[in-house]
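Form predicted on its own, single chain, as C-alpha cells, below.
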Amino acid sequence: MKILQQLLIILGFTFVGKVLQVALHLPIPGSVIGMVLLFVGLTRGWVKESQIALVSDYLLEILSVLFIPAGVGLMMYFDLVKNSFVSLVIILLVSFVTSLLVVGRTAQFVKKRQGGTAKASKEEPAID
C-alpha cells in the first residue's frame, strides 16, 4: 500500500505537469514540468523525501531499462540519424562539454558557499 501511495504522488506531479503543459501551451514536456514541481515540493517541504523514497530508489535502479524505448525509437529513424550524423555528434559534444562546465562550476560554487557558512558558524559562537 505504501508503494502504491508513493507511486501515486510521483504520478500526480507528472499529471499536474502534463495538465499545465497542455493548458498553458508550454513547449516543455509535461514530465519535466512535473519533475520541477516535485523538486519545488521537496525543497519547500510540501513532500517529504520519505514519502517517495521507496519508489524513487526503485526507479533509479531500473533507470537504464527506461532508456530502451528511446533507443529503439532512435533506431526507427536510423535514416534521419545517418544523414545528419556529423552534426549530431558535434551537437552532442558541445552540449556534453557545456554540461560538464556548468555542473563543475555549480559544484564549486556550492562547495565554496557551504565552506563559507561552515567557517562562519565556527567563528561565531552562539549567544544564549
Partner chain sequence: MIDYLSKEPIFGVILTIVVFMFFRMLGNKFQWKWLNPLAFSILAIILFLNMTGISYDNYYVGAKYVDMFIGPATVALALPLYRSLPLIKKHAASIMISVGIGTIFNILMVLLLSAMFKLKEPLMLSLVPKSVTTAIAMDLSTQIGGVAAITVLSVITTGVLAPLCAEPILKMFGIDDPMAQGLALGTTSHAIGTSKAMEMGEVQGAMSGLAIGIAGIATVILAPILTNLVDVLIG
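Residue numbers count along the first chain shown, from 1. Not measured: the values here are computed from a predicted model.
Keep in mind that the form predicted together with the partner chain is not shown, yet the notes after this line are about it.
- Although the partner is absent from this view, residue 11 contacts the partner chain in the predicted complex, with a non-hydrogen atom inside 4.5 angstroms.
- At a distance threshold of 4.5 angstroms between non-hydrogen atoms, residue 23 is out of contact with the partner chain in the predicted complex.
- Contact check for residue 39: a non-hydrogen atom falls within 4.5 Å of the partner chain in the predicted complex.
- In the predicted complex, the partner chain lies within 4.5 angstroms of at least one heavy atom of each of the following residues of 89-114: 90, 91, 92, 93, 94, 95, 96, 97, 98, 99, 100, 101, 102, 103, 104, 105, 106, 107, 108, 110, 111, 114, in sequence order.
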